[in-house]
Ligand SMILES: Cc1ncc(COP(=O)(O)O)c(C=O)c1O
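Next up: just one chain, as structure tokens, the form predicted alone.
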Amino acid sequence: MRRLPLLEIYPKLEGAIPWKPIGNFPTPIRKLESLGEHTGISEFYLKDDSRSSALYGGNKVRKLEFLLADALRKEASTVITVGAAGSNHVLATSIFAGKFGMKAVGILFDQPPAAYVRRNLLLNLYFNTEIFYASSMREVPSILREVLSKFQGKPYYIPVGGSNRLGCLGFVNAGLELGRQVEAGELPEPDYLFAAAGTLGTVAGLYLGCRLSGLKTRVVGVRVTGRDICSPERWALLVNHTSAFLHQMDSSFPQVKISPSDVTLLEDYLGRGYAWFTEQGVKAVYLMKKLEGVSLEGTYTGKALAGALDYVDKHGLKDRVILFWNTYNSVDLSPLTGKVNYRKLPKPFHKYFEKPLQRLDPEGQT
């Protein structure tokens, strides 16, 4: 069994915090030679969490190693979580919860239509996720109460995106993992690390993990959700709560307390709102695929790369070491969708299969 850097450095945490290995770590680093040449960024690197698992990759795997371990420790038979209709988080939770013999339940709220929404809804069907519909996030609490009341045993709730202090530990560890890769010479110490900021668990954990590693890297989040979910205030709060939680478990863990002014959150790349593709984001997806053969998407990673490229250009940072953290899944499960029928989904989800979709093409059509 692999060892977590977090547990090696702070051995008192072993046994105090739940953890089950489900991913393949460390994830690889590669230099983006062609994209770097195209953009003029001489030291441009990719941290590829799309390859975090052969079952289903992306950033959720790191969080679920702690969250599902906690569910098992509490003898939960059912895991309930929340996301948009095309949520990668809900799908990843379903896949990995099933591997531990737990039933997965997803409360899914409306979002703009896209091909990946169709795919993920069908995959949830394939993996036997029980799905409930919410017209918006505001409706989720009332539906959650109803859902919790109907299950016997010990249901375990995972918040949207898996972004609580336990889920954050996956990316605290990721920051330590990055520090070791820098030490091993896999890349120079990044001056700037860019990642999509949705529910903030990824960037909050990376901020703390980079601090613990002694890296001077500035973690830059590109906001891809509404400000009620993603703000500097919530980012700082999540860092502080996670640090306090770990200090409580092991007094040798340093207490890190930051303010909203300490974080860098780019807020100009969301466009019309969550999951609405933007011209900049679509073009960034196309560039990464054409020049590097790496697949991104229009809701998270395309906007994050667009924000990163714009920020680097506007601030004259092309001579700095830039790291882009790819949080998208690279495992193609689309062949499985042919084995299920969308009409078995709750009726409110049928519209995603019966109405036009947003386009994601090299001409920047959205």
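Just so we're clear, the structure is a prediction, and the values are computed from it rather than from any experiment. Residue indices: 1-based, along the sequence shown.
Another form exists, predicted together with the ligand; not displayed. Remarks below refer to it.
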Quiz prompt | the ligand contact at Y300 in the model of the complex, heavy atom, 4.5 Å | solution = yes
Quiz item: Y45 near the ligand in the model of the complex, any heavy atom under 4.5 Å?
Solution: no
Quiz item: So in the model of the complex, does G201 come within 4.5 Å of the ligand, heavy atom to heavy atom?
Solution: yes
Exercise. Evaluate F66 for contact with the ligand in the model of the complex, applying a 4.5 angstroms cut-off between non-hydrogen atoms, and reply yes or no.
Key: no
Exercise. Select, from the options 312-320, 33-41, 52-60, 331-339, the stretch whose residues sit within 4.5 angstroms of the ligand in the model of the complex by heavy atom distance.
Key: 52-60
Quiz item: Taking the ligand in the model of the complex as the reference, which of N124, T217, S243, N88 has a non-hydrogen atom within 4.5 Å?
Solution: N88
Exercise. Quick one: from V239, A284, L178, A196, grab the residue that has a heavy atom within 4.5 Å of the ligand in the model of the complex.
Key: A196
Quiz item: If we check the ligand in the model of the complex, which of the residues in 162-189 reach within 4.5 angstroms of it by a non-hydrogen atom?
Solution: S163
